[in-house]
Structures are given as C-alpha cells and as structure tokens.
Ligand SMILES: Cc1ncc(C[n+]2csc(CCOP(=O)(O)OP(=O)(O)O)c2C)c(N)n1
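First, one chain by itself in structure tokens, the form predicted alone.
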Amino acid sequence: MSKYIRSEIVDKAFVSLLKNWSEEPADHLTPDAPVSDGSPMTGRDLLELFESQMATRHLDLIARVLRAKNAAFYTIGSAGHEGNAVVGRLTRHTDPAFLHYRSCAFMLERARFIPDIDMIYDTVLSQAASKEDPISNGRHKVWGSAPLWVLPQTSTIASQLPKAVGTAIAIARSKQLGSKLPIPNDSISVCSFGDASTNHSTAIGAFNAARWAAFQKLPVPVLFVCEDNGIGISVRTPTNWVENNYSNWPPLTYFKADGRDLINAYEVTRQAVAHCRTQRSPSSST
C-alpha cells in the first residue's frame, strides 16, 4: 500500500478500528426492533443503509482500480455524500428524482424497491462506458433508471434543479387537468445537489420559481436535498451559509439533518418527505 494514496489510508484505518473494537454494544436488538425508544428506524434499516454507504465507497475505489488498468473512464466518486442513502430509502421509487453526480448511495437504496435491479453491476457498466449500461448505453457516466424513476441528466452547475421544479408543477397540474399520471398523484419530485451549486444562477432561479408558485398557493411538491459538506468545489462555501440562507426563504420549509448520523438523518428526512408529500409545498433538507 502506498502511503500517499488517501483511499488506502482511510481503508486501512477503518479495518484496524474494527479489528481492535473491544466495546460491548449498549443493547442487543433484533433487526426489526426500533434503534431507540420512539424511533421509526429499525435495526434492519440501519444495517441496510450502512451497507449501501459501504458499497458506495467500494464503488469509488473500484473505479480507480479499473482506471489504473485502463478499463474504466470515470473516477468522480460519491465520498462525503453517503448520507443521502436515507433519501433513497424514504422516498418512493416512483418519485421522480434528479440527482447530483455524487448520489450513488441514493441509487443503491432506491434499487432495493426492485430486487431485479443490480445497481452495483449497472454502476460498474457505467464507469466502464459499456454499451450494456442500461441508461446511457456507454455514452456517458450518469445516474438514471427508468423503472426507478431517476431521470438521467448531467448535474453540472445545478442544471437538474429547474427540471425538478418543473416536474413538481407538472405532477400537480396534471391532476387539475384530469390527465392520468404513470405515477401516484401524491408523488413528489426529488433533487440532490452540492452546497456550491446553491450559488449558481440556475439553482437560484429554480428556488425562486418554486417559492413564487408556492406563494400563490400553487402546489409545488419538490424536495430539494442539499448535500452540504462545507467545501464548495466551484464556489467556496462560508460557514453556515446554506443553513442561514435557505432556512429563511418562506414558503420554502427548511429541515436540517446530520448526514454523518444515520439515525438523525433518517428522522429528519422522514419529516421532510412527509411535509412535502402532504402539504404539496417545496421543502429543503441539508
């Protein structure tokens, strides 16, 4: 192992932590028991979410291994965004989703709704630009799935946000027009994006359109999911910028979750999804 390869350093440290773990668990729970009193999350939820997060990290690593062999051509991973697994679990697989390019954990969790889909295999096909990639046929590495209602697009400079808002308005409008939807009438539109994207005019326009419509009491069931790691690759993110800005944008309802804490993220995301679905109004979660 090279001491200069960060992924290998992290992997070695994690394995060492597990090997030397000596603490006894606080409680011995059955898989279907709540992780704590009153929690809607079960032990099975927690284990499967963690499994998706670990699979996400391994897909990042295998992308680099394959690239070194000239067998894959895309190595932008999902590190730091593994917490969005809870969004994939708590939304329906019929809720149209427009995803940030680091949303692998979301895809792995959503794929649980349709067991015939092997999202790990499909992701590697996409990394390798294989013509067997079911969503792009090797043209481009992109998240997407027809049966999972993940609409493929390149999430450059927040270009997915206006599409998500338009889809949310279309869901509501179709009911008013009496048009039959291929998804449930109470579906919501979901989009994920990074903290830097919130500063792009494309994102600001999408937020403004959703708020403008909601202010006039028009249904806009869109869930904005900001994966805020505080870095901001294209535009540096000042401390607390996302929360201070988007928690004060009525009628957009803001929910804050800690993506590093699955139990907290699960509960807050559940509230955000429920609010968006029942109130038919835009919600934002970070």
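One rule holds for the numbers: they count along the sequence shown, beginning at 1. Keep in mind that what you see is a predicted model, and the values were worked out from it rather than measured.
The discussion below concerns the form predicted together with this ligand, not included here.
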item: Residue stretch of 132-140, 212-220, 154-162, 82-90 approaching this ligand in the model of the complex, non-hydrogen atom distance within 4.5 Å; value: 154-162
item: Heavy atom of D95 within 4.5 Å of this ligand in the model of the complex; value: no
item: Heavy atom of S197 within 4.5 Å of this ligand in the model of the complex; value: yes
item: Proximity of N245 to this ligand in the model of the complex, heavy atoms at 4.5 Å; value: no
item: Y101, heavy atom within 4.5 angstroms of this ligand in the model of the complex; value: yes
item: Listed residue that, although this ligand is not shown, lies within 4.5 Å of it in the model of the complex (heavy atoms), from M54, A33, I233, A68; value: I233
item: Sequence-ordered list of residues in 120-153 near this ligand in the model of the complex, where near means a heavy atom within 4.5 Å; value: none
